[in-house]
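Quick heads-up: it's one chain on its own, the form predicted alone, in structure tokens.
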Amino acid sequence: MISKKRLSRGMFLTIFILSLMAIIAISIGAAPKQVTLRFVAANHPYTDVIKPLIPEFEKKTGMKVNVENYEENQLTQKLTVEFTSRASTVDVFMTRPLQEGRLFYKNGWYHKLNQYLPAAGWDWADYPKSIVEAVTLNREVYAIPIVTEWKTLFYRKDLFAAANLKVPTTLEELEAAAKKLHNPEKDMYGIVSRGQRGAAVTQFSSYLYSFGGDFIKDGKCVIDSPEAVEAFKYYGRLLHDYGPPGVTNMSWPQAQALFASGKVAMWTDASVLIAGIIDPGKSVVADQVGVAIFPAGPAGARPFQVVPWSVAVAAQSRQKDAALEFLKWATSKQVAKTAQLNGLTMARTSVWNDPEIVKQLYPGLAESANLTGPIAVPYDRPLMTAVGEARDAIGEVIVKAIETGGQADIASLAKIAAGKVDVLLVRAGEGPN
């Protein structure tokens, strides 16, 4: 005869097992938790293009993408703090190969992509060799290029026509045109380019190269060479004599806004920024913008052409498969095509060969790209780990050159700045062997 005690224990065990099975069944049949990705981006035209497209990705995949965007230096600082903490929740982020690429790679903050690139959907062969090299270190690809850009001369076609001026093909002609069109009394300035310390370095670079100078040679900073000193003097004189007030506080947003407002005759900056000056909703001179190759200096025309921005998966992401899926979509041919049609200059080869795109490109842009490619320098700043500190040191010389119209003792200032950069190179183990 079975006791009541044994029966109650048996019943309890049976109920427990049945309950456990029910819980497992419910868990198996429950809808999976929605994946939410955190995409940290820059305040950049690419971000403006991709944001309205993200709902399409979310609908297709069932994922949710939260986008944060910051000014470029704030973005680098934020990512650095988060990644250093080892508690980051960033999944995908925009990154500058020439700015923080070496530092982030050295610290292991990029999820390496080589193993994924052969897979269908990446279309890795659609990127030119030079652009691939821009996001590769030690034969490891750490990011996918978004845009390419080159040094470009934007000019007012109407003002040039009225003054019977030809588009400058040399830096001497550029200065002459700036002088002729400069009329501060009527709130019109001959030319604008970046003058804000570190931000100015990338746009000064093409002037530097075209004078025969460079940033680093054989592990040593050479911005104190005679050629570099002449480039500093020229850039300082140009912006001091024919630039707008407060130019030493201007990076690209301020320069772009000034050109778009119709107060500047010429602007030298990156090609990708054309979108903000040909949009009738943002620019009062949208139908009068001319695009030309950067003029030649004593050493010829040597504009930069670089990959300023790419997109990467964070090594600390806890949902890398989903992050990789978003990365493939965000850098796909279709997104690149949409961005190109919105005025960006994308890194994929296909967007430059697509007849639908080519016929819609702004006049002069494709020609400028084709002329620049064969003569371009593939970097617009010192190639080194501590590039931010180096840019600040070099930027100090640029600011002083502008403030004094190139009349300060630029040679001594450049020598001091070169010494600061050399210290950074040695400290990082990148100095001369």
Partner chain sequence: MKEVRLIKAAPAFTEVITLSAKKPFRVNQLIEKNIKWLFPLPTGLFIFLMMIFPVLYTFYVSLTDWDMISGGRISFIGLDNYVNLLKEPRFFNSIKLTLYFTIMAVGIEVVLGVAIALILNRDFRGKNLVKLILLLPMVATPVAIGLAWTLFYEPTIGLGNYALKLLGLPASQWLGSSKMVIPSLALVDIWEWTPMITLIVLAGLASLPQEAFEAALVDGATPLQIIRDVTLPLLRPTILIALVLRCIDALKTFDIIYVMTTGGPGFASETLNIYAYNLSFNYFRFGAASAALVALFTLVLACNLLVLWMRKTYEL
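Worth saying up front: this structure is predicted, and the values here are computed from it rather than measured. Positions refer to the first chain, counted from 1.
There is another form of this protein, the form predicted in complex with the partner chain, and it is not shown here; the text below is about that form.
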{"item": "Options 191-199, 296-304, 168-176, 270-278; stretch whose heavy atom lies within 4.5 Å of the partner chain in the predicted bound form", "value": "191-199"}
{"item": "Whether A134, Q256 and A260 all lie within 4.5 angstroms of the partner chain in the predicted bound form by heavy atom", "value": "no"}
{"item": "Partner-contacting position among E58, E68, D48, E403 - heavy atom within 4.5 Å of the partner chain in the predicted bound form", "value": "E403"}
{"item": "In the predicted bound form, the one of A386, A42, A376, M63 near the partner chain [non-hydrogen atom within 4.5 angstroms]", "value": "A386"}
{"item": "Partner contact for S317 in the predicted bound form: the partner chain, 4.5 angstroms, heavy atom", "value": "no"}
{"item": "Residue contact check: N249 to the partner chain in the predicted bound form, 4.5 Å heavy atom", "value": "yes"}
{"item": "Close approach of P245 to the partner chain in the predicted bound form, 4.5 Å, heavy atom", "value": "yes"}
{"item": "Close approach of E367 to the partner chain in the predicted bound form, 4.5 Å, heavy atom", "value": "no"}
{"item": "Within 4.5 Å of the partner chain in the predicted bound form: residues from 123-161 (heavy atom criterion)", "value": "none"}
